[in-house]
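Starting off, we have a lone chain in the form predicted on its own, written out as structure tokens.
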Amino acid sequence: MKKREAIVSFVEYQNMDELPCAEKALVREALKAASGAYAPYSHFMVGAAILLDDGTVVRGANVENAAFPSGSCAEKTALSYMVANYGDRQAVAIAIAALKDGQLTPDPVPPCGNCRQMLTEEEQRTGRPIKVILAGDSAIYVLESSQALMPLSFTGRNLR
């Protein structure tokens, strides 16, 4: 028997002012995306902004539906749009921010399991890490790769 550990390492900033300029700009884009979310049931508005390797920023917001499983997460929306419209580009970073009652949530909101899987798949597809920036009012977490969110992720290797 072996005991193994998966350790998540990230940098924590206390507020947006501490962030490097490029990351601060990406968080602002995620906040713009969140303000356009369609969340009439939960009033939990999530935005994601993806920075591509050519400087383009792609945004996505959550879209709820009365049939709850039919909704779409902000990260999934942004990733799908990116692949469909910028398939030859690579994601460099993604910022995620959530608003509740019009205010940035106190704690950073991490992506759901499905969105973590999609981010990991995109890293596998391109062979390049995607920096993840999770913004909250009391803290901002920066992870160097989405793989840190899913250390035992399911990948194409598992299908072989």
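Quick caveat, the model's predicted, so the values are computed rather than measured. Residue indices: 1-based, along the sequence shown.
Keep in mind the form predicted in complex with tetrahydrodeoxyuridine is missing from the figure; the text below concerns it.
The partner is not drawn, yet in the model of the complex one stretch among 124 to 132, 109 to 117, 25 to 33, 49 to 57 has residues with heavy atoms inside 4.5 Å of tetrahydrodeoxyuridine: 109 to 117. Tetrahydrodeoxyuridine is not shown here, but in the model of the complex it comes within 4.5 Å of a heavy atom of N62.
A residue is said to contact a partner when one of its heavy atoms sits within 4.5 Å of a partner heavy atom; A74 meets this definition for tetrahydrodeoxyuridine in the model of the complex. Contacts with tetrahydrodeoxyuridine in the model of the complex, taken as any heavy atom within 4.5 Å, map within 26 to 48 to S42, F44, V46.
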